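Shown next are two forms of a single protein chain, provided one at a time as structure tokens under the names structure 1 and structure 2.
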Structure 1
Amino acid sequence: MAAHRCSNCAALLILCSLSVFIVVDSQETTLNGGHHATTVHNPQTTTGTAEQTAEPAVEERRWEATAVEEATPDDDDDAAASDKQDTSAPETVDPSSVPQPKDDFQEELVIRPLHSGDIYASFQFRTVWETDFMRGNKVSHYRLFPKSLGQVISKFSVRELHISFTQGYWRTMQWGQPFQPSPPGAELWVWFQDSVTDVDGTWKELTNVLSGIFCASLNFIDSTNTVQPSASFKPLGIGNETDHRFLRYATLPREIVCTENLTPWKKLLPCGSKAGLAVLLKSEKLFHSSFHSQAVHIRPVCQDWQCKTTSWELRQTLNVVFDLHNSAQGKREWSLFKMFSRTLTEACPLASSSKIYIDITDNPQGEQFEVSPATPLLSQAVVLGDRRTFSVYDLTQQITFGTVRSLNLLIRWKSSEGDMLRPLLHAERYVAGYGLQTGEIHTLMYNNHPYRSFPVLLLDSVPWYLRLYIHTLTVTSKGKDNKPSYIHYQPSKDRLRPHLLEMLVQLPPNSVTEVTVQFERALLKWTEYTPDPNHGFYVGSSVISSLVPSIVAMDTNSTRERPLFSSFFPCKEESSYFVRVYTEPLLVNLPTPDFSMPYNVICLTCTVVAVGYGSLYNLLTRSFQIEEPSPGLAKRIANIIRKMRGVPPL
């Protein structure tokens, strides 16, 4: 019995010691996890809160924070002191010791209902990678950044690359300003690093490589359609003061965009078209629209507001405008399934942020259209000098998809009333004149601001076969001459380079400024005409860049967290924002020979040769023989009888 009692006491002592160790361990774990208590939420609490918010009885809406407060030196000192205290304590873990991912991927979809009943959808995919391509370092491991583009940056020493493929023309006066403008056809402009010695040779090789990557006709870019702007197309990334000798710009206004261009574009995404917002990119729906544009932008950006660390940003954008009558059968009702023939079921697993924004600025009380399912999350962002309000759907939250595990946003119009705010800057261009010898190019620039004037930078690239008379250049505003403050003109060389005209013009308030220049059409060689010469020859769009006065104060901190559609163009002034406008491409007829005449000449020549030579050949090669007349019937009968008798014939 005594031994049994001793064994029971020993067992109790062991259990007590184990319980003490468990309690101490749980306390240390609680202390270590205290630093993350403000950032890690309980999933049950979050789900419960979301379910309570989604109840019809609660109609309050929450605002999403789209700005991050800037760090001050005092805050940095306090943070450093707290870090020192944390590292000195034995029971805490230094957060800096945890390895942070060097690349990040975000995706967004912005839907803007237009007053015409059409709908504008803009996809934004952003991949940021903290690496260095400029110092010749060989990068061998790629996670989110596409390897094909990384090798292009390293091999050709590319500093910035911007390429777009557009089908259709953006109607500014009907649809307003787009988030990212692009001209019809294909556009490519590249900044090379200052270490490149042969820029033209590198440019030619780069266009051939990009032609293979995107399955496009970029290999037709040569010296006849490439220009070197002196003032336009400043770098959008780090460093705005760069030697323009390392800049090349070219357009192909006749480039046709189709499925073979969209497929390689989607393959550059980390999730491809298998998950996330990219599942909506169905080619048969995207190309059955009024406007379609896809682009790729690569540039170095700053990671923090002091720009101590830099990263490479790959931004893939796709803008599409669905026509009311073609896509919606005349009904003012839209949904994701009606636009893209698909719905959303999940976000991209590799994306740190996946959101859908619906512009409800012109619909504050829901009097014009209704959005379902409703979301309690709202967000405000400054876009193109105006503060806009958006309904936000966060795809990383399962509550967004509901119980059916599918999201099909529906926009149903209630009223067609309402006026669209006219864009402050608008431009258009056309060709005047008659005949096939001379003509005149007219460019109209509209300043719709009621009392503010602002300068614009106009860039025109005209092919060499339209010989400009630069002495006929005139700029008029409100019936008076408007002298440009800066003019850069590079004349063309036949079959070598195009014309390049850049001007800095001040646009008076509420005015129309007209730029005209006369030209003469050249006569091409018969081998230089296209297969359909009577269709005409395309002239690329004019490019107009300007800092337009803003209604609200712009954010000059490019590293501040905000939606992707409002953070593409850098802003250095709070009172203005950058706008780039493209005009229509021109279609010009040139003196065209009658290409049916060679066919007629060939047919006539062949006929004459066949008749004449055939007759002469017959006379020279035919042999003539004298043929005796055939005997009569009686003689033939007699010869037959004589033959039977064995007598020679008569």
Structure 2
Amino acid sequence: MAAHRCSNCAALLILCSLSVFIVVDSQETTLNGGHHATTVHNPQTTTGTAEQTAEPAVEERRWEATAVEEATPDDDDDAAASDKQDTSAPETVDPSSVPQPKDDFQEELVIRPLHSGDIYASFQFRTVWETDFMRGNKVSHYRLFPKSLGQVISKFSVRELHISFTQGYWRTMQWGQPFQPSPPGAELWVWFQDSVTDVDGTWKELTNVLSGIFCASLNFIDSTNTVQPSASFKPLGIGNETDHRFLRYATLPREIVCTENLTPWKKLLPCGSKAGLAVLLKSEKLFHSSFHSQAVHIRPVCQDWQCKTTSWELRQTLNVVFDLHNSAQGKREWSLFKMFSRTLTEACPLASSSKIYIDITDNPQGEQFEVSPATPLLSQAVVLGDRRTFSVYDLTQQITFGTVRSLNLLIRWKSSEGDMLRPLLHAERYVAGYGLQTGEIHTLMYNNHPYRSFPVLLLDSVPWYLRLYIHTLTVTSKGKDNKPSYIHYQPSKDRLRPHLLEMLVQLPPNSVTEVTVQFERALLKWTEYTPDPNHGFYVGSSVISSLVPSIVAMDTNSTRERPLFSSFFPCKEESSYFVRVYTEPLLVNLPTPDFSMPYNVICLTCTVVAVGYGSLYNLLTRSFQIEEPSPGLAKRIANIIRKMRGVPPL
């Protein structure tokens, strides 16, 4: 029952604002453990040795594995299934029977070959530590958990911290949904403990400290780009405080991510980049890619299934997409060496689990691509509403590395056919109009689901120098006005805070919903311009959070493999999944003076003042009097004579 409480709690937190609008059939979830229900994946796991052909056995074991899974303290909502357990792996025994270590480290890599020929690699490193930073006792002994972050948590009373650095834009239409979405540039959102009194001050200090830890310009986060979203960002860990006064959210779309951010990020790992999967993280290859994103998530999680005490979870993720044309010279063949210029020789000795997953869902019979060396281990999980099959390589087993003592996975495409399932939700944004006075921001949200409509939460944070005309806000889908059911708008204050616009919009099936709002470009003070004002000014990505109806529910084939009694009502966990989509940031030109102008202006003003004001001043202050014309010579002589005679002069 405790598991239930815990799970409902997690579900509540994530869904807090959304769940009202979602029809969830909670009746049917008791069997599968509702605590994974509304998160982005569910813990359907397969025993490793299961053959593809032995369908009933797989089914049976999958359910068993789920029961085991329920008991573990994982309540991930990120993707990629760090909780896919292989019963064949020795360390994965029922946790209730063996006492848990005080801290635990897991690492894994998911590789997904994409239809475009590109390849997507997603690293996750997870450290869980049963400690409490918040109690009075000072935590001084650190083992796996990085001390720098531990101190940050205790000093600033952080409850949850999510930070991501991304270089590039995730191409949803070509690559599908990512496991961990992130906007271009840097994104930071933090929930503080409710004991914090001066949230803004703490936030300011925190950003400066993080700026130092990650070698990034996070110190540029100030009140002009910080917002407090009311609904879009809910805590992902345990806890039921959802008062958004304790939430701060900021993005820096201009932040450029490079080696100097990767190095401190790698240093947080227990093995550094010396051993384990982190050996692959070489910057010269990681930054020779189409997309690079690294993130750190810290949150409290339940320690055990009773959830009496909490642990801290640190999750470091790194996502990278390598390009077919640039990195592979157009050849549809990928290997670990080609991607990272390294091969794997060992797992991190400190890791309790170290695995590589390869997504082979689209390749069940091996007709699309072949993977070598082959592995007998298979795993299945519902990721982002889609049931995926993975080949698993366990790095803690020596047999994985074979006779050459090194693992160099090779994926060779056989055909380039096959279409990607269109992502059900994607969005784009652009600035319309021309000229430097006004403009219009258009946000397009696509619902590609053939028959289901679903609500999305749109979060827009626009800097103050674009003065939004909120009365021009329109939301249209299919040519008709689409009235948002919830609008939270906080107007900007010049030089103090940005606009914040949050809306709950229902997207009709198979439609495009367009949100437009006009704005005026402000004229900045001349010291407020950046050193490169003609580059333009950035407006951060809009965030679209949604519960998207699952693809699994669309698929009638999946019900065939299951007992009939279990598949009449659509399962809650499969009916929808949580997705966050970021639009592209905008680059907006503001009216920019010619900065060589001050010199000209000084010259011109001086001239105008000297000439215009001078003569006007002259006119105003001069006293005018009629001047006697000077007498002629004859008259003067006459006057002298008259003076001598004593007669008054003429």
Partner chain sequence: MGLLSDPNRRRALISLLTRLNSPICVVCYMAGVAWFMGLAFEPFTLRTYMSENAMGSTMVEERFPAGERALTTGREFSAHKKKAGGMPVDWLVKTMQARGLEVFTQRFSRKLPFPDENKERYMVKGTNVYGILRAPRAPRTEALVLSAPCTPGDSNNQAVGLLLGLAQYFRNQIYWAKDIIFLVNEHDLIGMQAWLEGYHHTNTTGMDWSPLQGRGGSIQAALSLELSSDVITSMDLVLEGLNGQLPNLDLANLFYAFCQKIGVLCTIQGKLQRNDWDSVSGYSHSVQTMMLMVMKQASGRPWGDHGLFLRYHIEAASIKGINSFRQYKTDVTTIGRLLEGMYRKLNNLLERLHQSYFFYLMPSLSHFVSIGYYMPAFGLLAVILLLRALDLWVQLVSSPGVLSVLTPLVISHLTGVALYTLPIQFQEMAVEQFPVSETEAVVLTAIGYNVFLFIYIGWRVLKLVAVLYLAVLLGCTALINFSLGFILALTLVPVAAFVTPHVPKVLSAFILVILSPACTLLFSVFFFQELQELPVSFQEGWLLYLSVISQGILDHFLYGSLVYPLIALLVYPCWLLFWNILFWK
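In this text, rigid core is short for the largest set of C-alphas that superpose within 1.5 Å between two forms. Counting starts at 1 with the first residue of structure 1 and goes up one by one along its sequence. Because the structure is predicted, anything quoted here is derived from the model rather than measured.
Inset, instruction - Quick one: identify the form predicted together with its partner chain, either 1 or 2. - result: Structure 2, not 1.
Legend entry - Core-superposed comparison between the two structures, residue 598 Cα displacement 2 Å or beyond: Superposed on the core, residue 598 moves its C-alpha 2 Å or more between the two structures.
Legend entry - Rigid-core frame, C-alpha of residue 481, shift of 2 angstroms or more between the two structures: No, shifts by less than 2 Å.
Inset, instruction - Take the rigid core as the frame of reference and indicate whether the C-alpha of residue 306 shifts by 2 Å or more between the two structures. - result: After core superposition, the C-alpha of residue 306 moves 2 Å or more between the two structures.
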